[in-house]
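Shown here is one chain on its own, the form predicted on its own, set out as structure tokens.
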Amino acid sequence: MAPQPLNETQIGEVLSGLPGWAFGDDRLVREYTLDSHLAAVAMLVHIATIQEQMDHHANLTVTYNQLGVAVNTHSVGGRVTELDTQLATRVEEIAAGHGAR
């Protein structure tokens, strides 16, 4: 069964449990600051591993010690689905272990 887009109320409920995450431009977004460039890249690799396990991929950007995450579901026209909220939750679960803030 194909994922279904979430409405803004559902997205808001999810975001209440994801501190630092926001909804904008039809995607969930979060910017992390880490202690160094290598720490940011290490977290990116960890996220990439999770994405491969889920077969669902975010847009990831590294700018020195900052890591940006933006996620939506392309197969439903670039809208936010439960897959995106699951990925965001998994990313948030690993962030502290990388020293992300």
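As the structure is a computational prediction, the values presented were derived from the model and not from experiment. Numbers follow the displayed sequence, beginning with 1.
From this point on, the text means the form predicted together with a small molecule, which you will not see here.
Heavy atoms of residue 75 reach within 4.5 Å of the small molecule in the predicted bound form, making it an interface residue. Taking the partner from the other structure, the small molecule in the predicted bound form has a heavy atom within 4.5 Å of a heavy atom of residue 56. For residue 71, a non-hydrogen atom is located within 4.5 Å of the small molecule in the predicted bound form, even though that partner is not displayed.
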